[in-house]
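As structure tokens, one chain now follows by itself in the form predicted alone.
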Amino acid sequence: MIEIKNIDAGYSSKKILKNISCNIAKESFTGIIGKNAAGKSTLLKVLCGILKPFSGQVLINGHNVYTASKKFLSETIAFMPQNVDMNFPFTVKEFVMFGRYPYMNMFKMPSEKDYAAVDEILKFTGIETFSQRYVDELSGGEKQKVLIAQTIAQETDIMVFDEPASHLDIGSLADILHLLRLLNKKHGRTIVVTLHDLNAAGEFCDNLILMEDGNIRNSGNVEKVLNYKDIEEVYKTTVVVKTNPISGKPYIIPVSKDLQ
């Protein structure tokens, strides 16, 4: 579904991504991992057509995202960025309705179909109980669910999330990633997500892309990517990689420098 070909990209004259190439399969759940400033968020912006690269191209079902129409992009790929300002006097339901914008009529007034879609999404994400509260009154975990609900409301086959579980406790993190996994497994959405938590990435994602200094260090299934050698070299620390006895997925234990 997604082909990323020989991408060089960055900001002004500073190159961040260096000849990046990879494919993301239809209906896959792909996590992008790596240290801060590795190029993860930049890659997402290039993928969604928000940032035009210096060279290379991104194809979605054969369509170049940089020459495709805004209508095609808005109906094909949805993007949830980091650090969205939610200090607005809107209720949760009103805020989620903004995700229906590409489908509204020329006067941008919601139809019965839009209201029905939002009601269904509120239930799916478990936020219908506080749908009349104002978004600026919500906790961090509640805000993340509302942002995800707005992204879902766009009804695209591809959904891209930049750090959707950052700064959340372990329970809220699990709730968010379980929700994305349901979108992937039960509703056939292609999910691309950046994560800092390696163990969460290994547990919930099917495939990983490990980035280092604007390059792809490794990619493939979680067992292939979460190996101790690559993790130690990328993150500059000693780790032990074990297998979760319940899920069979790898998990990583950092080793104290006192013991190294």
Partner chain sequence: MASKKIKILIFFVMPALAVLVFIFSLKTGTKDISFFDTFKALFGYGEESVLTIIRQIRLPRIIMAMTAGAGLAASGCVFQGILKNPLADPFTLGISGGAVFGASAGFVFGLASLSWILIPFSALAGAILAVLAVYILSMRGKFNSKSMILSGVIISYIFSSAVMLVFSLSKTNQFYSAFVWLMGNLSAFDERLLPVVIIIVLAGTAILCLTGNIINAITLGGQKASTLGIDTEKTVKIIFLLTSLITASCVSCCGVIGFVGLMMPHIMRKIAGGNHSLLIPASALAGCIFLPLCDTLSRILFAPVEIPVGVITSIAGGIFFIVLMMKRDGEIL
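Numbering follows the first chain given and starts at 1. Keep in mind it's a predicted model, so treat the numbers as computed, not measured.
The next section is about a form of this same protein that is not shown, the form predicted together with the partner chain.
With the partner left out here, the partner chain still marks one of 120-128, 163-171, 176-184, 144-152 in the predicted bound form; by a 4.5 Å heavy atom cut-off that stretch is 144-152. In the predicted bound form, the partner chain sits beyond 4.5 Å of every heavy atom of residue 188. In the predicted bound form, the partner chain sits within 4.5 Å of a heavy atom belonging to residue 80.
In the predicted bound form, none of the heavy atoms of residue 59 sits within 4.5 Å of a heavy atom of the partner chain. Taking the partner from elsewhere, residue 116 is found to have every heavy atom lying beyond 4.5 Å of the partner chain in the predicted bound form. No residues of 183-213 lie near the partner chain in the predicted bound form, the criterion being any heavy atom within 4.5 Å.
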